[in-house]
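Just one chain is shown here, as structure tokens, and it is the form predicted on its own.
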């Protein structure tokens, strides 16, 4: 199944599970797949920023992607292929697509500054990997420091037919979603899927602005699925009530520097993975931080909205 512009729902950004000594934990990948499927995931994205992709050897990247592809069966798996050079990008893209991936995700390199540089970069990337591979634009200026305007995104989509999705992670970014959907309504932008990130921190209103769902790593993918379902059913207050119950943990998880450590800790507590280890270098939660997360989890459980 190839990715297309109709993609919607929840595509969790998967962490890469490691043993405490830094080895890949393949058994936890299987547990993670099972947890995502039970949570109602529409697909999954692997080897993203949350997946610690730069810390993996090339053969490890292929092994991780292949295991997710097999585990998700007919559901789409998107593979992050961002790399400093196009040779590595092409090699990974062609390999994972041959294994059964649905598409790839490409982030801009941080050195891009002008609109022409951004557009040119995506042209070169697609020339390298081939225009037969559906791809996702990753728009994450907070981490990547590349500012893409709605007009730049429209130009990339117009120029490159293999672009089928935007991973929207601008902040603030609600107006960007509205602008892109307005372009689509007026006919100057062909339909594309818009899935949003930022840990789900703005998902309540992103759905109302026209997002098709979430592509993020929040440790409660089941909550993301339920929120999207409530929005589609027109149950606005119920969707916001659910979001509000999770907001303290969402906020805590979005801290720069320790966000992944928090997510892995919560996913370990929930049984998604066996260890919260990151491959070095990576921060470790202090005892105080762990206690704070435990407190937030206990409050969430008492609200009856924790899915535990």
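Positions refer to the first chain, counted from 1. Small disclaimer: the values here were computed from a predicted structure and weren't measured.
We do not show the form predicted together with a further copy of the same chain, though everything after this point is about it.
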Worksheet entry | Position in contact with a further copy of the same chain when the complex is considered in the predicted bound form, options 274, 56, 39, 260, heavy atoms within 4.5 Å | 56
Worksheet entry | The unique member of 73, 130, 191, 85 whose heavy atoms fall within 4.5 Å of a further copy of the same chain in the predicted bound form | 85
Discussion item. Please determine whether residue 243 contacts a further copy of the same chain in the predicted bound form, using a 4.5 Å cut-off between heavy atoms.
Written reply: yes
Discussion item. Is it the case that residue 147, even though its partner is missing from this view, gets within 4.5 Å of a further copy of the same chain in the predicted bound form, heavy atoms only?
Written reply: yes
Worksheet item: Looking in the predicted bound form, any heavy atom of residue 233 within 4.5 Å of a further copy of the same chain?
Response: no
Discussion item. Does any part of residue 124 reach within 4.5 Å of a further copy of the same chain in the predicted bound form? Heavy atoms only, please.
Written reply: yes
Response to the item:
Only one of 221 to 229, 99 to 107, 73 to 81, 168 to 176 has residues with a heavy atom within 4.5 Å of a further copy of the same chain in the predicted bound form, and that stretch is 168 to 176
Practice prompt. Would you confirm whether the three residues 201, 237 and 252 all fall within 4.5 Å of a further copy of the same chain in the predicted bound form, going by non-hydrogen atoms?
Written response: yes
Worksheet entry | Members of 268 to 297 lying within 4.5 angstroms of a further copy of the same chain, judged by heavy atom, in the predicted bound form | 280, 281, 286, 288, 289, 292, 295, 296
